[in-house]
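Take a look at this single chain, the form predicted on its own, given in structure tokens.
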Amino acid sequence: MPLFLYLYFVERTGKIGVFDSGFGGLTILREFVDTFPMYDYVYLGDNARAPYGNKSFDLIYEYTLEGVKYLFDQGCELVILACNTASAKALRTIQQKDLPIIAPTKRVLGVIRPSTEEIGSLSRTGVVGILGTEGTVNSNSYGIELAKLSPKTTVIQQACPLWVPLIEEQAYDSAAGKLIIASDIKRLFDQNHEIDVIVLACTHYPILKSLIDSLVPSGVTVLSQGPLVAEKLKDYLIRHPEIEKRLTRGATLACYTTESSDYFNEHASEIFGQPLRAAHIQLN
């Protein structure tokens, strides 16, 4: 066999894995599939243990590492933590402590850094709002990243602890759900009325985007993470051809959930925009 053909076949060995605490990562996966339809994907939602936002650092790290290892076992070369809480509380430890031991040639990336790289330039007032889980807000990951990337930008954050349960249970469109969402948005603007860009710093939240758009003042831009992360992944693969060359191109998608597969399929298909069929698995 010619050497170049041999290298081609041995290099393209892996898939792109997407991990989330529940359904939210499907908003990221949707953008990936639309942007890079040729790659093979594996999605894992830890729905049985969602939400992650109110859990301890150690527990989130433990759960996230279990998810990453499972995706590696499914043949993933690159794993995206499509969960802001996992990105804030587990990504760095996994990258620095675990990867060199368990999979030195594989990569794990998060969603916070890609989401912050463009934000500062989009604000006219220099005041950016962050809506996220308790874990993400308490970690101050967005504040830390923006201080490095856009030091003149003021970051105002508001935790929305009930939003993920509302989304997971499809109760966000109820009168009580709308009241909770409106109240959290009001709390954000009560801190600073000059906010003109809001980042939905949880991958579940784009499901609420049309409702959020109707509740924020005129002229405020509400940003979902999916397009930002997909664009940055495109740039990452250009800058790291050694990773891209290992990605298989079968245009396949496999889904797994730690909850009932029927429960996942019913909710996930609506969020993803086309029918999905997941297999139930256990993480340990």
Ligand code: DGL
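None of the values given here were measured: they were computed from a predicted structure. Note that residue numbering begins at 1 and tracks the sequence as displayed.
Just so it is clear, the following notes concern the form predicted in complex with the named molecule, a form of the same protein that is not shown.
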Though the named molecule is not shown, can you say which of Cys202, Ile80, Ala90, Ile130 has a heavy atom within 4.5 Å of it in the model of the complex?
Cys202
Heavy atom within 4.5 Å of the named molecule in the model of the complex - the one residue of Leu146, Ile198, Val164, Ile212 that qualifies:
Val164
Quick one: does Gly45 come within 4.5 Å of the named molecule in the model of the complex, counting heavy atoms only?
no
Looking at the partner-bound form in the model of the complex, is Thr116 within 4.5 Å of the named molecule by any heavy atom?
no
With heavy atoms only and a cut-off of 4.5 Å, decide whether Gly226 touches the named molecule in the model of the complex.
no
Any chance Ser141 has a heavy atom within 4.5 Å of the named molecule in the model of the complex?
no
Looking at 65 to 73, 52 to 60, 230 to 238, 249 to 257, which one sits within 4.5 Å of the named molecule in the model of the complex if you count heavy atoms only?
52 to 60
